[in-house]
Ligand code: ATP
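In structure tokens, the next block holds one chain alone, the form predicted alone.
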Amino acid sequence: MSESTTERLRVLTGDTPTGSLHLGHYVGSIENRLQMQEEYDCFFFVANWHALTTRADQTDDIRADTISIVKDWLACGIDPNKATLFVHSEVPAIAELTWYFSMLVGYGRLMKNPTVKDEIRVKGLGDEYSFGFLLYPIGQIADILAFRPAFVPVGEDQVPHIEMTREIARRFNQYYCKIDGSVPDEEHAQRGGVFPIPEARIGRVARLTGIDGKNKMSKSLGNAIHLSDTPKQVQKKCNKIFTGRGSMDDPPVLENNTILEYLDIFMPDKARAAELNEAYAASKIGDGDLKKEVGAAMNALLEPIREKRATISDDDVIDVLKDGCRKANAVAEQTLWKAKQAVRYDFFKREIVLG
């Protein structure tokens, strides 16, 4: 197989199955994917191995969440005829590459990753986390490099993982492919490196605040508006948005106000958004008026997604994933073979066959 199923540059990104996707995922990554599937050779995966790091006793739920995420993708317009959709637990080359890459990262470097530290803090893990939790960032590197992409669409919080990926790609190429440390990133593949040095691509909104007005939107924090929420649920959540006022008698808060953030992001009519913003700043309308407008705009965005999602069965998802895993295994096995040749572990080739 060639380096890509087309002559286009390759893109790789994915989601950990933690339930239905939310609006933070949509504006942070899904929108990017919808554009990229028209221009690039795209691989989108469900990172169900990574869900085990904090939910090893909830595998039934992880399976259901895996199906749910793919339904969200398809409902949003990700097209399996334009992009390869797969679940990474069915691509064994990723696990093998994780082993090789784990030899190239020190414990100290791993614990300096701000995303790892944030997850330990936000999830309240303290010192009670598995070895698999620490292996997870290396697994993310393997997720990416197994497909040798040029670009990785991610949210702002995932950029440190991409930087670690770039470090490991360089180190592997230097150790095993004899690429000089002075070679520019963009020339690694041309000079004989197994791995190109991928670049992060941030979405339209780098970080969407949750309805609590403090933290990034997240299911685990209970501050998310999900793509699968009903119209009533969306409006009810909008009504809870924290705006910074101590009481309704206080003047409107114009800085770091989540409802104004949402107004700018989700109101498609920018003239209307400007009009509402001006009226709110002058106290001509209140929090409730804005919440109603924003809720209506969100529901207008989500309604066609909800309608399409209702038509997608679990069997439809399995069919899409099975076909995608065939394509993903072909590419990942090719990458693994290149890596084994570089490491001198290329004793013989193998073929992955799905039942």
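So that there is no doubt, residue numbering starts at 1 and follows the sequence shown. Keep in mind that this is a model prediction, so the values were computed, not measured.
The following text describes the form predicted in complex with the ligand, which does not appear among the structures shown.
Partner-proximal stretch of 252 to 260, 231 to 239, 202 to 210, 126 to 134 relative to the ligand in the model of the complex, 4.5 angstroms, heavy atom: Only one stretch passes the 4.5 Å heavy-atom test: 202 to 210.
Of N113, S218, S89, Q174, which one comes within 4.5 Å of the ligand in the model of the complex, counting heavy atoms only? So the residue touching the ligand in the model of the complex, by this definition, is S218.
Listed residue (G155, P80, G139, P196) with a non-hydrogen atom within 4.5 angstroms of the ligand in the model of the complex: Among G155, P80, G139, P196, a heavy atom within 4.5 Å of the ligand in the model of the complex occurs only for G155.
Decide yes or no: are K291, E293 and N299 jointly within 4.5 Å of the ligand in the model of the complex, with each residue judged by its heavy atoms? Spot residues vs the ligand: no contact at all.
Though only this chain appears here, would R10 touch the ligand in the model of the complex if you measure heavy atom gaps against 4.5 Å? Outside the cut-off, so no.
Would you check, heavy atoms only and a 4.5 Å threshold, whether K340 touches the ligand in the model of the complex? No, K340 sits far enough from the ligand in the model of the complex that none of its heavy atoms falls within 4.5 Å.
With heavy atoms only and a cut-off of 4.5 Å, decide whether G28 touches the ligand in the model of the complex. Judged by the heavy-atom cut-off of 4.5 Å, G28 is in contact with the ligand in the model of the complex.
Quick one: does D185 come within 4.5 Å of the ligand in the model of the complex, counting heavy atoms only? Outside the cut-off, so no.
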